[in-house]
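The chain that follows stands alone, in the form predicted on its own, written as structure tokens.
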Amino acid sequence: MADLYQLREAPEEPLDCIYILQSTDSDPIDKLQFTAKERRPLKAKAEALGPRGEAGELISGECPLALAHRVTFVGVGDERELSHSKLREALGRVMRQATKNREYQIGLGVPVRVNGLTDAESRAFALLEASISDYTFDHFKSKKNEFEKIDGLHIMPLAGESEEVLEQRLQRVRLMRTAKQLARDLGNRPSNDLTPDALAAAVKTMTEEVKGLRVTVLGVKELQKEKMGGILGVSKGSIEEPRLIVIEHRPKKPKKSVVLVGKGVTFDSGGISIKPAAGMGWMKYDMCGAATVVGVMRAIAEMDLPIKIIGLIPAVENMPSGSATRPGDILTMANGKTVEVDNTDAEGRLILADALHFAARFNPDVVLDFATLTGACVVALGHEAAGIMGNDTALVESLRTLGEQTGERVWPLPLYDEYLGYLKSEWADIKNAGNRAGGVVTAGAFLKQFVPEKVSWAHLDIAGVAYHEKEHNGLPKGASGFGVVLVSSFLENLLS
């Protein structure tokens, strides 16, 4: 991705182009930090070009300033209707146009605000999305189009935005985009490359790049000692051995203790309850919950938050074979509960259950888990929000509010006690799946049985937002890195 800079003065060499976002109801030049000497010719150029700010509009001309060779006005439509997705799409247009024109150094002015957000919230969202909107995953392409990539993205300050404030904002953007790119890269790696063991190796590499993290990996013997029947049971059909990856951030005087749990099914065939062949390749993304945890752990290590934060990643591959767990089998979980396996394709909750029980030894105040858990969540919410449920309404509401601010939206779902009755088993304490009714919430009801007592907990079903089969609302095809910014912001807010 392009390096990120401030644009305060004329660079040594003029930029290839300056892109200025414009709405239909405001003058962008008045909102950007230009001197009077710069403002006059730029306004004259805008008047001559006649941009109206309508959505999808791109109008270019020679730049009348020494800053750049060209200036392009990018329409975003009515600012009173400007959403996260519309702004993200506009920023994507900028990057595509710059790449098409082979512009290597570009300036960007974003004097527009997302409807419903404060100026600061909107600025934070816009800068991060601008910085990551040129993301591509080309690790496995033999020929990379390096010549087409933008080298430098120079951010134009807003009127009244001091150099110090802008640099603080850009520093946080650099940190967050590195973490989000890490989550996307992990999610996009194919399953023959990212096995449970390879995921553990990637986490170790990450912890070597930043200070303040340590990692421990539990293998089969340790999992057997911990009696983690869920993790061991799901992995039985695969030649790839399971892992429980433990990432720890332990400051000297922590003010809070939080455990993050991420589902790490590196490939999900469905096991004996095998999935249809069409679309099965997308199941490499069944570890996006794990990717979220890895990205967040990197971000909080660089922020050095005074919070004890533990990341737990149960990593397995779910495959059919002669040794695989069968429908009707009964597993004994780490907390002693027995589970009848009604459907081997409901495997994510089995591995999360063991990890949630394991979380108790860290004495957490809050536990959050992230999982591409149910197709039912996609049916309910589409690809616009994750489902969220938990045992603490204040926690759920806090995450919902932050989701609106960060553009990583979550929507609350009920978790009534009656849903547990949908999982009643004749042969064991509980079944791992019920009928089609309430699939997303019965999964949450199952997980709730393994949450440590007297701990605030929320479960985020990210199945509809963790990856996209095609470009969606300005997000690229593939892994989205959903949750990294949301959870990092939540952890920061715990200190206030």
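Keep in mind that what you see is a predicted model, and the values were worked out from it rather than measured. Position 1 is the first residue in the sequence shown; the rest follow in order.
The form predicted together with a small molecule exists for this protein as well; it is not shown, and the discussion that follows is about that form.
In the predicted complex, no residue of the candidate spot (A124, R174 and I300) has a heavy atom lying within 4.5 Å of the small molecule.
At least one heavy atom of K263 is located within 4.5 Å of the small molecule in the predicted complex. Of the heavy atoms in Y467, some are within 4.5 Å of the small molecule in the predicted complex. Using a 4.5 Å cutoff between non-hydrogen atoms, D345 counts as a contact of the small molecule in the predicted complex. Among heavy atoms of K275, some come within 4.5 Å of the small molecule in the predicted complex. For the residues E129, E408, E317, D286, the 4.5 Å heavy atom test against the small molecule in the predicted complex is passed only by D286. Scanning A463, A458, L447, A68 against the small molecule in the predicted complex with a 4.5 Å heavy atom cut-off leaves one residue, A463.
Screening 375 to 383, 207 to 215, 246 to 254, 135 to 143 for residues having heavy atoms within 4.5 Å of the small molecule in the predicted complex returns a single hit, 375 to 383.
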